[in-house]
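Given as structure tokens, the chain that follows is alone and in the form predicted on its own.
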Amino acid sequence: MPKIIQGKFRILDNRKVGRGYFRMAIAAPRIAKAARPGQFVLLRCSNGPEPLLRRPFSFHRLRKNSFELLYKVVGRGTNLLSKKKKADTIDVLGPLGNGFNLRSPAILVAGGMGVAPLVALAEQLADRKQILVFIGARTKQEVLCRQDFKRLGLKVHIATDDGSLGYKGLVTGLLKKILLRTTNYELRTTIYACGPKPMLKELSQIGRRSGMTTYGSLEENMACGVGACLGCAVSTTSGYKKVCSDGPVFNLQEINWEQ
């Protein structure tokens, strides 16, 4: 595991990219060079005592001397983040957790804000001709990063709950539909995913039935980020593990979904 770095770093950009969605770039060479797709940082959202706990964010993009985060304003912490300006400093702790192992061919499946870490992953996967991307959202206004994947030359499939863009229904339903008519993807294909638990549970079953290894980044509330507080424990086939330090990336077929 790389050394965990804590310090105040300069914000390069913090811009609105959608209704309630922001993309923040932070100049932090030591963190960026040590980080891998699927890992995360903890940010202190203000310079004062409140909010007390840091907030976790997956790496959205990794550059030589900086990294980007994609986030949605959902509470006090993220609202404070959205007020940050270029050249402000922010307290960062990272890189934390274990990231994705890079394998191709690959299928990337995102649900909502779960798309954030999959852009960094797609940028580092070697054989992009053998990568499919699936993005699920409630409406077309909430479909994120479609153009980011397309700029990488990737085929992108969209599913929305209301049918306002692409397939009408769950992204897992679209994936199953396409897998039924696809012959190009063999058993060595790896599924990478991030999104809500019901989606990840369904993907673990799809992977088991098809013989594909399925990795997912779990989204859990975190306090310490280093495995000390035990607040993000998850039940697996080999006992309880901590999402922040043993994950957040797990083989989804090893998660006890009923607990």
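Computed from a predicted structure; not experimentally measured. Residue positions are given as counts along the sequence shown, with the first one as 1.
Quick note: we don't show the form predicted together with a small molecule, though the next part is all about it.
The three residues G75, M113 and P248 all sit with a heavy atom within 4.5 Å of the small molecule in the model of the complex. The small molecule in the model of the complex is approached by P56, whose closest heavy atom lies within 4.5 angstroms of it.
Taking the partner from elsewhere, M222 is found to have a heavy atom lying within 4.5 Å of the small molecule in the model of the complex. Of the heavy atoms in A28, none are within 4.5 Å of the small molecule in the model of the complex.
The closest heavy atom approach of L70 to the small molecule in the model of the complex falls within 4.5 Å.
Taking M199, A32, L218, I191 one by one, only a single residue has any non-hydrogen atom within 4.5 Å of the small molecule in the model of the complex, and it is L218. Of the candidate stretches 164-172, 75-83, 128-136, 146-154, only 75-83 has residues whose heavy atoms lie within 4.5 Å of the small molecule in the model of the complex.
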